[in-house]
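To begin, one chain is listed below as structure tokens, in the form predicted alone.
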Amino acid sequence: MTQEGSIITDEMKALIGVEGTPTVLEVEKGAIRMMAEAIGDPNPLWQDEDYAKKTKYGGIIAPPVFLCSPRAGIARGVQRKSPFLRALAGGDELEYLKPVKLGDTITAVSRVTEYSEREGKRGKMLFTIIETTFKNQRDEVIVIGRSTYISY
């Protein structure tokens, strides 16, 4: 049952908050190096152990975009519904609470947190917000990611 003219169904609303499949990622030196090279960032915090040991982090950390890779598990296993066949990425937002450190074991869990709709030039559009919580091996939340998907 939907509100008059709404594309957001009760079935869709029932999926809000349901967790997807957890993804576990081991933060290894080679993966950090490859990400740094891919983005062209020579920051010694990402690769130089001697330099990184002297910083407030006490060792190598990963570049902030490290958790944006497909391996990081953003939106993995999340059930989302849409009455439309087409969708596109509407943007990502990452809130960093702690650095991702070399040797960390990161667990990512995603869930749909919101559905909303808007009228576009060609009709209704569905906006789906998926939030991913990244925790380290000490069960500390290190990053919260929010991804927007637009279906039309």
Partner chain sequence: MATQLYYEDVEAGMDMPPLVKHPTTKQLVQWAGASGDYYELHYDKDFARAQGFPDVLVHGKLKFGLLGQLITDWIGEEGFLKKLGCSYRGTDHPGEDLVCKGKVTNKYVEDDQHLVECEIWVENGKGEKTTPGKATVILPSRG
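Residue numbers count along the first chain shown, from 1. Only a predicted model underlies this, so the values are computations on that prediction, with no experimental measurement involved.
Another form exists, predicted in complex with its partner chain; not displayed. Remarks below refer to it.
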{"property": "Complete contact of 5, 14 and 130 with its partner chain in the model of the complex (any heavy atom, 4.5 Å)", "result": "no"}
{"property": "Single option in 125, 35, 106, 109 placed near its partner chain in the model of the complex, where near means a heavy atom within 4.5 Å", "result": "35"}
{"property": "Contact flag, residue 115 vs its partner chain in the model of the complex, heavy atom cut 4.5 Å", "result": "no"}
{"property": "Close approach of residue 48 to its partner chain in the model of the complex, 4.5 Å, heavy atom", "result": "no"}
{"property": "Exercise: residue 96 in contact with its partner chain in the model of the complex, heavy atom 4.5 Å", "result": "yes"}
{"property": "Partner proximity in the model of the complex: residue 70 to its partner chain, non-hydrogen atom cutoff 4.5 Å", "result": "yes"}
{"property": "Residues within stretch 40-70 having a non-hydrogen atom within 4.5 Å of its partner chain in the model of the complex", "result": "40, 41, 42, 43, 44, 45, 46, 51, 55, 56, 57, 64, 65, 68, 69, 70"}
